[in-house]
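Only one chain is shown below, in structure tokens, and it's the form predicted alone.
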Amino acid sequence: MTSANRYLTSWESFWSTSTGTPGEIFWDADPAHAAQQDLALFQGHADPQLPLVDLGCGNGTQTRFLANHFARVIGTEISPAAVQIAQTKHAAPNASYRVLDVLSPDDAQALHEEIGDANLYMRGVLHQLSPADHETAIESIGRLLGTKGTLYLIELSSAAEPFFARLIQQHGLPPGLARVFQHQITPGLLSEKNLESLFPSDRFTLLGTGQSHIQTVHTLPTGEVVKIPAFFAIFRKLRAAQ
């Protein structure tokens, strides 16, 4: 089974068995706290005339929020079931959803030929991929960006692994996270140190980076909402890299 087929099988199983129960999707935080946090960091760098692609949009919760701030937003997912949920639950006049595999640069190129250069929003995507697949994903990202697009990414940081270990030891495995594992989805980590090799300076310009968090839907007995340590980065592709 190829990498792409493996991801499709796992994610289609995950999304096709989703019931919509509150708290079921571990990372499906209220966009007023999730995408709003990210928007404040990257909106000033993004060309407002360009469409925004939410790469790995899931069920479209954050996509629908971003559609309030950009003229055109396109949510993409590898799973047709996720796209169907997004179209049903988070429709908007200026938002659309479609199947796109980030490990298919040709498909990314086809989308670029359709919509032109685009800004990209990517929340927790790269750490879901095997390191062996990162280069292909970056190729797709570059094709979507073109010369004018801006990429905003947020990923689990190197502090996430010990954070999860403490969380599980003290409070047990959160049900939403257990469901992820049940579908053979094994989130990895993406160290901040990987940025230079993933987005080399001869191809990309780093506009900003820093520590952040990814808010989840899981609440501890103390009433505290679980926020996973993360980092963000903002990139633009060098014109000479076309």
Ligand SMILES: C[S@@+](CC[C@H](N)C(=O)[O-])C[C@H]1O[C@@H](n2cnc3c(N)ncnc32)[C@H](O)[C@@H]1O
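All residue numbers refer to positions in the sequence shown, first residue = 1. Keep in mind it's a predicted model, so treat the numbers as computed, not measured.
The form predicted together with this ligand exists for this protein as well; it is not shown, and the discussion that follows is about that form.
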Quick one: which of 158 to 166, 89 to 97, 144 to 152, 76 to 84 gets within 4.5 Å of this ligand in the model of the complex, going by heavy atoms?
-> 76 to 84
Contact of Trp27 with this ligand in the model of the complex (heavy atom, 4.5 Å) = yes
Could you tell me if Leu111 has a non-hydrogen atom within 4.5 Å of this ligand in the model of the complex?
-> no
State yes or no: in the model of the complex, is some non-hydrogen atom of Gly56 no more than 4.5 angstroms from a non-hydrogen atom of this ligand?
-> yes
Quick one: does Tyr7 come within 4.5 Å of this ligand in the model of the complex, counting heavy atoms only?
-> yes
Would you check whether this ligand, in the model of the complex, lies within 4.5 angstroms of a non-hydrogen atom from each of Val102, Gly124 and Leu129?
-> yes
